[in-house]
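Next comes just one chain, in structure tokens: the form predicted on its own.
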């Protein structure tokens, strides 16, 4: 399996442990990532200029199509932007014409309806690699580990553009991926709540309260870790945790970090030194220390 890896803007700048663990796990599972000269997905620009945001996404789709590759995105917002652009531009001719005017004027190119498949990294693991293959590759079963998953907002929304991948109210793929490692995925109140990251620019107080509420509930449940698949969510729950919780720290892992442990990879291969909240207790519990 070969894919163009779409890193986005936040991961390589602020969440390098996500990239490091994702690449290490992909290699261990026989998935080849190709780095292409992608630009921003357009997501940050959408509230200001929808057409230019779509043009940015369309250019990225063109780049992957020229190489004959489908795209795997690490960031949920990036995946949504690319999937949504692919979906909208195949249906709205007026918007397509406006997008192509931008592309023609800025880059001298046009979007010709290129439709490489766009998958979030977790979806690629769930659908393309498959749960059975993951279970077979596990060398260090994480039995006895109790973790909580956080899906985030953009992983399966808007649902109409995601080909029926998930029920946005009752998703299961991330829970199943956790269970494939041998760990237990613990259900909990507020599982589908937003991390608060989308509100940071409007009200940092409310955003921090939203993140703190979930972390307090998970601390009370005594879970071993919170499992994420989005860099924005990690900023809220991991980077901000020391600012919003006075006690009851909850280790925060990206799913590829959890899976990498189950595959027998070393913590230093998975970027654990870059996690903000200490993970030493978890690493000792699974025998990785």
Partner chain sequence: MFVDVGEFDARFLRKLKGEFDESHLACFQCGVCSASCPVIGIEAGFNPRRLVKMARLGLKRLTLSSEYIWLCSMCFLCGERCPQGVRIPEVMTALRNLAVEEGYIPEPMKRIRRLLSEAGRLYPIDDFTAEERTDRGLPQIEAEPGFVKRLTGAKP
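Rigid core (definition): largest C-alpha set, two forms, superposition within 1.5 Å. These figures come from a predicted structure and were not determined experimentally. Numbering follows the first chain given and starts at 1.
What follows is about the form predicted together with the partner chain, which we do not show.
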With the partner left out of view, is residue 46 within 4.5 angstroms of the partner chain in the predicted bound form by any non-hydrogen atom? yes
Non-hydrogen atom contact residue 241 with the partner chain in the predicted bound form at 4.5 angstroms: no
According to a 4.5 angstroms non-hydrogen atom cut-off, is residue 123 in contact with the partner chain in the predicted bound form? no
So in the predicted bound form, is the partner chain close enough to residue 97 to count as touching (4.5 Å, heavy atoms)? no
Which single stretch, out of 66-74, 218-226, 245-253, 46-54, brings residue heavy atoms within 4.5 Å of the partner chain in the predicted bound form? 46-54
Check 128, 133 and 280: does every one of them have a heavy atom within 4.5 Å of the partner chain in the predicted bound form? no
Enumerate the residues of 179-207 that have a non-hydrogen atom within 4.5 Å of the partner chain in the predicted bound form, in sequence order, or give none. 194, 198, 199, 201, 202, 203, 205, 206
Would you say residue 192 moves between the shown form and the other one, meaning its CA shifts by 2 Å or more once the core is fitted? no
Following rigid core alignment, is the displacement of the residue 107 C-alpha between the shown form and the other one equal to or greater than 2 angstroms? no
After fitting the rigid core, is the C-alpha of residue 90 off by 2 Å or more between the shown form and the other one? no
